[in-house]
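Read the single chain below, which is given as structure tokens and is the form predicted on its own.
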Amino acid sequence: MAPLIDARNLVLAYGATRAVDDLSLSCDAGSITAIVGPNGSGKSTLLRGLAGIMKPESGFVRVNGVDLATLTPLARARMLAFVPQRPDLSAPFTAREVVRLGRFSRKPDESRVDAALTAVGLLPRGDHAFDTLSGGERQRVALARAFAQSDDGGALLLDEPFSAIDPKEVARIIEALRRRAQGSAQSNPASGSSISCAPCAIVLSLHDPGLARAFATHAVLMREGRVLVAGPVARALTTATLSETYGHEMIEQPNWLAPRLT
């Protein structure tokens, strides 16, 4: 079976500077792939390239076997959802209206909006103005919008999705991401029924390799725009590979506080 996301020999550049240099990556449906590496290694640029937001100098990205370069923005939106590191809006939308925007490429479905808000723990705050929410709540609304957008497979691309979120909500969202990747039914609180969805591939950038190892299925270690190691987390995220990636000795540390993940 072909991978859901397939990037080959991808080159992404800002002028003469190659931020991603001849990178290849594949992700299957049901997988959660963490991109890990130091600042400036190309993690955010890679996600923008995988989302079709940034045009490659060379190489290609295919989702479900379709080259993103051949698709209109509307068609791309049906195949993948992208959440930037700092989501923001200038328009006076409520949280629910922001999540509803995720349905612009599909038919309206308020039950999926409810399910998405429930998945990130914000259904009771759905009618609050987006610009009155905390930074972490805005991040969760953006994730809910991605959930509402991608209900029939495809990919979720998330840039540092936990950067402003407290540990309890991190655990909640990790569980939602796991269920989303596996295609588990989502709860519809309005009717008490379940909403079906298809398995998808999730790719997210993370600064915390320990958190990546705790819940991701695969990892990609990047440095200076290139992949150093890629594979299942147990093999990719070790003290040796992380020390090489960050250029600094890494050690195993048992006395570390982290949210309990079910």
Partner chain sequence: MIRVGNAREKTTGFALLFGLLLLAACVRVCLGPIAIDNQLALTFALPTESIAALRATSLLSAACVGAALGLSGLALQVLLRNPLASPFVLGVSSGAGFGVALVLALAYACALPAMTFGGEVGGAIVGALAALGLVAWFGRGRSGTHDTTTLVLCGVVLGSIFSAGTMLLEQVVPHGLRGDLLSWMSGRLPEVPDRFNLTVLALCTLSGVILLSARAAALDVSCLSDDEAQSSGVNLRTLRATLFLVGGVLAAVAVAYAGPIGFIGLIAPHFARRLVGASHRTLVIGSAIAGALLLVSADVIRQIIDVGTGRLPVGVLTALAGGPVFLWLLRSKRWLR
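Positions refer to the first chain, counted from 1. Fair warning: this is a prediction, and the values are worked out from it, not measured in the lab.
Below, we turn to the form predicted in complex with its partner chain, even though it does not appear here.
When contacts are judged by a 4.5 Å heavy atom cut-off, Pro84 counts as touching its partner chain in the predicted complex.
Although the partner is absent here, Arg48 lies within 4.5 Å of its partner chain in the predicted complex, judged by heavy atoms. Among residues of the shown chain, Leu122 is not one whose heavy atoms approach its partner chain to within 4.5 Å in the predicted complex. Although the partner is absent from this view, Ile174 stays clear of its partner chain in the predicted complex, with no non-hydrogen atom inside 4.5 angstroms. For the residues Asp109, Asp88, Asp166, Asp152, the 4.5 Å heavy atom test against its partner chain in the predicted complex is passed only by Asp88.
Contact with its partner chain in the predicted complex, defined as a heavy atom within 4.5 Å, holds for exactly one of Ile53, Ala198, Ala234, Val66, namely Ile53. Shown here without its partner chain, the chain has Ala142, Arg145, Gln149 in 142-181 lying with a heavy atom within 4.5 Å of that partner in the predicted complex.
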